[in-house]
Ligand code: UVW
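Consider the single chain below, provided in C-alpha cells and representing the form predicted on its own.
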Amino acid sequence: MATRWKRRPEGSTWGDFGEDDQLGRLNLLTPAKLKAGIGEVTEGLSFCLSLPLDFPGGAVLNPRRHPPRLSPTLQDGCPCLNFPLARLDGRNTDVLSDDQVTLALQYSTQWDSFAHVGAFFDAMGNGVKEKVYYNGYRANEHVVGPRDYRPDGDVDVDGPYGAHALGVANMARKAIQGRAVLVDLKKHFGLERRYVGYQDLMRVLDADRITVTPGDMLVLRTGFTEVLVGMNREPDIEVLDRTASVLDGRDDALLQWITDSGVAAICADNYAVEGLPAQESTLGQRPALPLHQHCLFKLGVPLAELWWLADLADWLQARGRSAFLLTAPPLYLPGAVGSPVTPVATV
C-alpha cells in the first residue's frame, strides 16, 4: 500500500519498484541488461531509427498534432538567419544563424511517457473513481493541465502546467539503453492491416527463433513507416488505415504475455502500436486504448511509435539475427508528456 493508493489495478506493477517509482519496467534496464545489449554488438555498425521529424506530413494521423514550424530567433528585432554581426560591431566578420521550433512532441518518431494515458480508477477503495496515472499519480496534482474536466462542469486549474511526475524527463535521466529484439511482422504478414494477437505473435517468435527475456525492449517492424515515407509528407489516411500489422489490445492473452515477458518497453514503426479503433469484443465500459492502458497505466511499460526500422530489419534478417543494442533517450524536457527521439541501433 502506498500513500497515493489503497488498492492497485489488478495485474499492475504499482509499488513493485517503490512507492514513488516513476520508471516502471525501465527499472529492468540494469547494468547487466546494458552489458547484454553491448554483447550483441559485433560489427560496430549503427542505424538511425528515426523518421525526419516533419513526417508524416499534415495532421491526418492525429488532428491535434501538426508538423514542426521552424523560424529564426531575433537579434535586435532582426531574424537571425545569415545575420552579419558587423551590423552590431563593424569590426566583426561573423555571419550568424540561430533558429527555434514549434513542435508537437508526439508528431513523428516518439516516446509516450506514463503521463500520456491514465484511467478513471478507484485507487483509494472508497467507491470514487478518480483520474489516475501509473503508480497512483493524480491528474491536476502531478499531471497538471489548465482545466479539470468534471461531470458537474469544467474548472480552471492554476499552473504551472505539465507532467510534474511521470514525464519524459525521468526517461531521459534513465538514458534508455539496453538489449532489444526486433520482431519482423511485415515478413510474416505483409502490408495488409492485421490485428496481431497472442497466437500470431507466438508463431512469429517460434518461426524466427526469437527469445524475449525480462528487461528486453521489444521492437516491432510492420512496414507502416515504409509506406508512409513513400507518400512524401502527403499521407493518404484511407490507405494508411488499411496498412500493416497492429497489436490487438483486446486480446487478453497478448496483454498477459506482455505482463509475463518482462519487456521493458515496446517500440513500433506504426502509429499507436495497437489497432485503432480497438476491436470491439466487450460490452459495457472499457478502455478505448486497451494496450496503452495496460502498458502505461498498469505495468509502467513505455510505448514508442513511428520508428524507421526497414534498414535495421533487413540487415538483421540477412544475418539470421534479431537482437541488438538500442540507445533511445528522449529529450530531457521537464514537464513534457511525450518526446521526439532519435533512436540508434548498434549491431
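Note that residue numbering follows the sequence shown and begins at 1. These figures come from a predicted structure and were not determined experimentally.
There is also a form predicted in complex with the named molecule; it is not shown, and the following applies to it.
### Task
Counting non-hydrogen atoms within 4.5 angstroms of the named molecule in the predicted complex, say which of L240, L276, L191, V144 makes the cut.
Of the listed residues, the single hit is L276.
#### Entry: Single option in D248, D216, D112, D184 placed near the named molecule in the predicted complex, where near means a heavy atom within 4.5 Å
Exactly one residue meets the criterion: D112.
### Task
Could you confirm whether N62 comes within 4.5 Å of the named molecule in the predicted complex, counting heavy atoms only?
Yes, N62 lies within 4.5 Å of the named molecule in the predicted complex.
### Message
Can you tell me whether M124 touches the named molecule? I mean in the predicted complex, with a 4.5 angstroms heavy atom cut-off.
### Response
Outside the cut-off, so no.
### Message
Residue-level question: is V204 within 4.5 Å of the named molecule in the predicted complex, judged on heavy atoms?
### Response
The answer is no: V204 has no heavy atom within 4.5 Å of the named molecule.
### Query
Can any non-hydrogen atom of R179 be found within 4.5 angstroms of the named molecule in the predicted complex?
Taking the distances in the predicted complex, the answer for R179 is no, it never comes within 4.5 Å of the named molecule.
### Query
Tell me which of 288-296, 22-30, 314-322, 36-44 has residues with heavy atoms within 4.5 angstroms of the named molecule in the predicted complex?
Answer to the contact question: 288-296.
### Members of 87-107 lying within 4.5 angstroms of the named molecule, judged by heavy atom, in the predicted complex
The stretch 87-107, when checked against the named molecule in the predicted complex, contributes only Q106 at the 4.5 Å heavy-atom cut-off.
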